[in-house]
Every structure is written in C-alpha cells, then in structure tokens.
Ligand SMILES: Nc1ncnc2c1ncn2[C@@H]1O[C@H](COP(=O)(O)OP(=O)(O)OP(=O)(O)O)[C@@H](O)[C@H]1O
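Quick setup: one chain, the form predicted alone, written in structure tokens, and binding and motion questions come after.
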Amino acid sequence: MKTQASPEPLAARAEALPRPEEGKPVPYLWRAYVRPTAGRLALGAASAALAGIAALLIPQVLRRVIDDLGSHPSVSVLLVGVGLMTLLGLIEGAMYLARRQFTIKPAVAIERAMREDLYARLQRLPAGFHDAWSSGQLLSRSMSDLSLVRRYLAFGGVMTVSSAILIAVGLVMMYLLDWRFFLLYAVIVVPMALASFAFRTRFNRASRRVMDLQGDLATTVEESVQGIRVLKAFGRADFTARQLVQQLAGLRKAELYKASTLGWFIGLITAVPALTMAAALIGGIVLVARDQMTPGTLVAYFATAAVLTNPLQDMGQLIGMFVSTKAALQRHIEIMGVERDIRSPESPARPASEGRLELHDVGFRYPDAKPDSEPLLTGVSLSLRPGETMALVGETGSGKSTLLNLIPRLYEAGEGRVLVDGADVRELDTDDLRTRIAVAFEDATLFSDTVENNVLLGVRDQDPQARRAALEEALEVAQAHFVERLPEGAQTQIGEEGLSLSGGQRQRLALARVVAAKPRIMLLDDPLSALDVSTEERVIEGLGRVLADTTTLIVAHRPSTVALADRVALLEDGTVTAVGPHHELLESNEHYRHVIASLDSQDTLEDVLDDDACRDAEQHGREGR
C-alpha cells in the first residue's frame, strides 16, 4: 500500500480498454495489449524463423560436399563446406539471441500492463463483486495466469509461428531433394492435424480445471494463514490440514490428467516422425544401391528431417501452452468483462462541500438475495445538518452497517435518493464523493505497511509538515499512544492486516485514519467496541473536538457512544421509525428503550434507563464538543 501513488492513470486506462467478448480471449489480447508491440514480436518470430532456415541450409551444404567429394575429392571443397556450415551455425545462434532481445521486453511490458489494469479494475468494481469472489481466485488470476500469458508471448507464440515457417520451408526443401521422400513425410501431417484438434479440446478443459483448483487452494491457504489463531485456539489445525490434503489430492488428480493428455499427444507426434524416418532409411538405401539417389541426397534428407523433428515434437508443448494461455485469458476477461453498476457520470455535479447528508425513501436489497425476499432497507429517510452528529441504533441485523455503505456508494441504493451537499450521490464523481466522506468500518482493516501510511491513507496533502501534523493529531484523538512504544514508532511495519496488534489497537488506528482524512462527512460503524471504558471516554472527548465542523453518522452499540450524538435515529424493520434526542426517545419510544437496554455496555441497566443520568451524559458530550 503506497499512499503517494495515484490510481487515476491506471483507472482511466483500464476503463478505456476494449470490452472483452465471452469466448474470444485471443482477439481481446490482440486489441488491448499486443497490437502496439506487434512489430517487435514479429521481428522476434522472424529471427526465430531465420535461425531455423539457417539450420535447414546446413543439410544442403552437407549434400553438396558429400556428392562433390565422392566425384572429385578436394581439400578446398571440404574447407568451403566447413566454412559455410560454420557461418550458418553462427547465423543461427545470432538469430536466436535476437529473438530473445525482440520478445522479452514487450512480453514483460504486456504482463505488467495486464496486471496493472486488472488491479485497477478490481479497485473499481463494487463491493458486491468482492463479496462473491474469493481472494485466492483473484490472486491466481492476477499472478500465475498472467505469468503464463507473458511466457507464451515471449516464447510460445513466437516459436509457434517460427516452427510453422520452418516446417513449411523444410517440406519444400524435401521436395527439392526427392519428391518421393516429400510425400512420405507429408503424409504424417494428416494424423498430426487430427490429433492436434482432439488434443486441444481435452487439454483446454484440463487446463481450466487445474487453474480453478489452484485458485481454490490459494484461498484455503490464505484463510488458514489469516485465521491461524482461531484454528489453534479451537484445536482444529489438523482438521484444516486434512481439508487441504483433500484439495491437494483433487489438484494432483487434475494435474495428472492434464499431464497424461499432453503426454499422449507428445508420444504420438514423437513416434510418427520416427517411424517415417525408419521407412525412409530403408527406402533410401534401396534407391542409393540402384543409383537412383546420391548418398549426399540421402544424408541431406535425414539431416533435414532431424532439423524438423524438434519443431514437430515441440508443437505438442506449444499447442498445450497455447491452450493453457487461452484458458488463463478467459479467466482474465471474466474479471475485465464485469460491468460496473456503480460508475461516475460523464458530467458530474460539483456542489460546495458543506457536509449536508440526506436520505429520502432509501431502499436496498443485496444482489444475491432471493427475488421474493423482503428488502433489507425500505423507505429510510434521514436528514443531517452540517456539523451535526447523529447516532444510528437498532437491533442486530437491522441494516445499520449496510445503510452506511450506501452513502459512499460502496453499494448502490435500489430505491430512493442519497444526497450529499444537496446532490444525488449518483450525480457526483465517485472519487470526489469519497473524498468528502470517510468511513471507519466495524472490522478494522489495516495494510502490511507502516503505521504512518495506514493512518494517512486518506490524506492527499503531500507536504511533510502537514502530514506529520495530521498524523500526530489523529493519533492523539484516537488515543493511539501505544504507537510511541512500537520499535520504530510510526514507521513500524505492522504486518499483514495488523494482526500483530490487539483488536483495540487496530480499531484506534482505523479511527485515526478517518480523523486524519478530515472529511466533511464521517461515517463510523461502531468504532469504539474494542476499547475499555476509560479509553473510550478519552476518545469521545477527542472526537468531540474534531467533530465540531464534521457531519457524523455513527452506528452505536454502547450508550456512551449514543451520548456523543446530537440526535439519535432508530432503525427498526428496515426503516427509520424515530429520530430525536436521546433522552426524548427514552421517554417516548418503547422499542428504543428495549434497544438501548440490550446494547453491549459496561454501564448498569439502571444507569442506562435513568433519565437524569442520560441527560447528564448527553450534556457532558455537548460540553466536550
């Protein structure tokens, strides 16, 4: 995670790519990536073909030398022949070197571009997409699949073209040597073509199966590593290991089927040319004995056949590589072809940043919910004044967190309107919208980076002094003084997902990240649940200072958090049924009293329900601000 990098160029490029068509991965690869570098790749293929042609010319020189020495023995003929073959060998080596020089750089550049575009695409896809896809599948598509594409462009594709040219030229040279041998060798093309067609279909299915299983395996390993504490705590490490062994067995079976399919094809294309050469040897000896063919021609034929044997045998590997690459591309365009249902308008609105937040008859149903199921949210209406703090309370599963996700368009509201500064969020540029808003999620997500970069993730000011001031203020408000005790302070690498920290420490850093961003609208999803009471009091006091000019909607699971708010909204059965000051709702709303009494708090029930105590807590919150 690098906070200094801007995703804008990558995002714009990814959006400008041609839309992939299902079942047409190769045309998509050509249009989107290969066409600009086709010249260099063509030169690489030409270099490989020239290397093969140089190798095919050596048998012709050898035939001439043998026949000339047989009729007119001469040292000069031998020296000229050796010199020509040496020259052709040097040309062959130089062309192979040129092939690598021409192909490696563009192939690596294409792999990088595809990986960057896939990452940018993943960043732009809605949260619902990521809910449906496992991280292991996305990881395998962005790493191993694209590496396979790069290897094919740098080697497989170039060698396929050059091998085809080499075989065609070799057959012509065989025809010039003796038409009978040409026919004998050309006959093998028919069974090879039929075998290639059958092989391609079977190998494609096998390759796709292996790739999908590798993605599932990556997901299992990732989840096991991330959840290692849970597995150890419940003594289920062996159980998970057995599950992994079962997955490995399935992957092994798929890999063996893939290998046996490839082995069957390679065995066929290896055996057929060998049998052909054996038949040609018998026939050639007979023709030489009858003076119907010169010894030089027979030697040249076998030398030419030997040169062609390698590309013929390699054709199985090359076809297999092509099929695997095609499957990898198909998996790639499954992601690149996903239509974004949340995107910025062509002419976005640019309202003044005031911090007004309004919801009018908002409804929402998750995309994977049953069509006949009740919507999670329906008819939700709220209005927050600039600088106002509102607490959102409700029973578990009432849709509080989901409602927060609709405001920055992490999910799209199915009904109604969400207004920020008077403009519908659909009319705002998504980046502009998310600059005005900062969110602290209930699950504190941190990145494998320094404390500073995690906290300043939303800070766009690159001035070192301004960033330092923002960091210090945010850590102070969030009571994250533990950072000073870390080995390298704010420069300490906190490890993957911050698991080296306690839950309360992670939550305080996530809260500090929101504070440092200085948004006009702040959305807090139970940001204090992992804190002890004394730390929570100090954090609330600090938030009271920084929230003075910030509009805040906070999901509350503690009465002390509710006391931070100017007003409280009660979410019941997917809609807001009451809005008002905390003490008024306690007096007038029975369901609100039930929800407050059930909140997870260390306060006593009597204190919670005592109106005077609640009014005192509310007044304390106002004075703190």
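In this text, residue numbers run from 1 along the sequence as written. Computed from a predicted model, the values in this text were never measured in an experiment.
FYI, the form predicted in complex with the named molecule isn't displayed, but the following is about it.
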{"item": "Heavy atom within 4.5 Å of the named molecule in the predicted complex - the one residue of 550, 398, 435, 247 that qualifies", "value": "398"}
{"item": "Listed residue (482, 366, 264, 179) with a non-hydrogen atom within 4.5 angstroms of the named molecule in the predicted complex", "value": "366"}
{"item": "Site test, 402, 411 and 557 vs the named molecule in the predicted complex, non-hydrogen atom cutoff 4.5 Å", "value": "yes"}
{"item": "Location of the named molecule contact in the predicted complex, chosen stretch of 516-524, 86-94, 368-376, 138-146 [non-hydrogen atom, 4.5 Å]", "value": "368-376"}
{"item": "4.5 angstroms heavy atom contact with the named molecule in the predicted complex for residue 442", "value": "yes"}
